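In the block that follows, a single chain appears as structure tokens, in the form predicted alone.
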């Protein structure tokens, strides 16, 4: 019962992503070709909602699944690291047509080829973990 609210949140997230067509490869390609505003509106709404939720979490002291308080640590600033990381993320997004949230929604919709994309994302995360000490931070 403890995880029920997280499962329900995931189901609601999947429904919203599907109904807004944010999991559509065609919508994502339209966005990267600057042919449609829809995805920019979805992303803008997500950013605004994310900022609002982080502020709310900082003020009220939200807890995670295990009851630990969620703490936000300041990030290092630097144009080079964010430009490089954002470029790699954007390239992967444009090539596979999905970012992390829609990858799992698409898998849940029965697009089993997303297992390759999820596997690639996990492999990239693993390789980053191995190389993290050698990268500029």
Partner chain sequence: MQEFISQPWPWYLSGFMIALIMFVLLFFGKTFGFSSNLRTICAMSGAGKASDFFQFDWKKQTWNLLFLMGSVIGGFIAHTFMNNEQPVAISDDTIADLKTLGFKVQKGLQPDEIFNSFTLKSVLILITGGLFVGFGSRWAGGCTSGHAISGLSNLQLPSLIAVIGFFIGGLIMTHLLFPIIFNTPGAL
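In this text, all values refer to a predicted model and were calculated from it rather than measured experimentally. Numbering follows the first chain given and starts at 1.
Not on display, but discussed next: the form predicted in complex with the partner chain.
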{"query": "Proximity of residue 70 to the partner chain in the model of the complex, heavy atoms at 4.5 Å", "finding": "yes"}
{"query": "Residue 87, heavy atom within 4.5 angstroms of the partner chain in the model of the complex", "finding": "yes"}
{"query": "Partner proximity in the model of the complex: residue 63 to the partner chain, non-hydrogen atom cutoff 4.5 Å", "finding": "yes"}
{"query": "Interface membership of residue 46, the partner chain in the model of the complex, 4.5 Å heavy atom rule", "finding": "yes"}
{"query": "Heavy atom within 4.5 Å of the partner chain in the model of the complex - qualifying residues of 82 to 118", "finding": "82, 83, 84, 85, 86, 87, 88, 89, 90, 91, 92, 93, 94, 95, 96, 98, 99, 100, 101, 103, 104, 105, 106, 108, 109, 111, 113, 114, 116, 117"}
